[in-house]
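The form predicted on its own is given below as one chain in structure tokens.
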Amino acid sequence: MAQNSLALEIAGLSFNFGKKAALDDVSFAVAKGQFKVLLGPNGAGKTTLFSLVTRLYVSARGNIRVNGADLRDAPLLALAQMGIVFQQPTLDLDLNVRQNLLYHAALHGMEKKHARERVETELARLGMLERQTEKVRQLNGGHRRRVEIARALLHQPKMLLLDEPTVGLDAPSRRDIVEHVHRMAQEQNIAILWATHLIDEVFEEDSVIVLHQGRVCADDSVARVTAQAGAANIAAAFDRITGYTPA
């Protein structure tokens, strides 16, 4: 895969909490326009990995590049090319939808007229334009997540990171968001790294990284990971790779 086709490159990344290894020599890449699932059980290291990619944590071991920019040498350039939806909600509940997004745009230094245009574009794309004057606390969980995704896309990043974005949502809301983000990767040529422990969020056409106990145990298309594990489907493959035995 040509280097200029990559939105995210991670090489030899390790991180410890004290003596405990949270990540051990993690390497993978995400291509532009690719939807890639970071699949792992709770405690696998997914959130730690996201914290390193977003520079909440810093590791002396390994390299991270975002659209060619080295996160260690050019952090502002690398971070400016990412959009992030964290596992924990981060919207201001007492501001309305539009105010939340405009505040975020101001933090990115966006000119006001351009910011207003981008807010309308992304809210319309996510079916939230008619709700822009509603306070966030009045929205249900699924609609709040849509607002967070719209916010993450305002500055038109090359890479979108989503850490367990459907946690706490009902099944219809989860399905709507998963399907929308899949379409977005194809239609807008945005690279997606979607972290989850939920097998039903993995589509047959996806690429998948299986992260277990801080190590990459598989990194390929769903079909190849399934075949390599000698399993009938990705759910069975995941169980075999991680050593999980259903009760």
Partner chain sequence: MKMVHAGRCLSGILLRESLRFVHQRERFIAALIRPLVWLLVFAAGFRSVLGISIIPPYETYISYEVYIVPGLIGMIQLFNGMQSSLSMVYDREMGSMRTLLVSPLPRWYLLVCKLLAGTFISILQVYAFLLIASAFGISMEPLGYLYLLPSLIVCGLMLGAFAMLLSSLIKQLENFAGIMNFVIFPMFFMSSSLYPLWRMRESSELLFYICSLNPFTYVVELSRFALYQRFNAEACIITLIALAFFLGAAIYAYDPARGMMHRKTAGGT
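Numbering follows the first chain given and starts at 1. Since the structure is predicted, the reported quantities are computational estimates derived from the model, not experimental observations.
Keep in mind that the form predicted together with the partner chain is missing from the display, and what follows is about it.
query: Based on heavy atom distances of at most 4.5 Å to the partner chain in the model of the complex, which listed stretch, 191 to 199, 31 to 39, 54 to 62, 216 to 224, is the contact stretch?
result: Single hit among the candidates: 54 to 62.
message: For the three residues G43, T48 and R151, which mark the spot I'm curious about, does each lie within 4.5 Å of the partner chain in the model of the complex through at least one heavy atom?
response: Yes: each residue has a heavy atom within 4.5 Å of the partner.
message: Counting any non-hydrogen atom inside 4.5 Å, which residue from E130, D170, E117, E111 sits next to the partner chain in the model of the complex?
response: Partner contact (heavy atom, 4.5 Å) among the options: E111.
task: Using a 4.5 Å heavy atom cut-off, state whether Q99 contacts the partner chain in the model of the complex.
output: Yes, contact at 4.5 Å.
task: Report yes if any heavy atom of A124 sits within 4.5 Å of a heavy atom of the partner chain in the model of the complex; otherwise report no.
output: Because no heavy atom of A124 falls inside 4.5 Å of the partner chain in the model of the complex, the answer is no.
query: With a 4.5 Å heavy atom cut-off, would you call K135 a contact of the partner chain in the model of the complex?
result: K135: yes, in contact with the partner chain in the model of the complex.
- prompt: Within a 4.5 Å heavy atom cut-off, is P89 in contact with the partner chain in the model of the complex?
  reply: Heavy-atom contact with the partner chain at 4.5 Å: present for P89.
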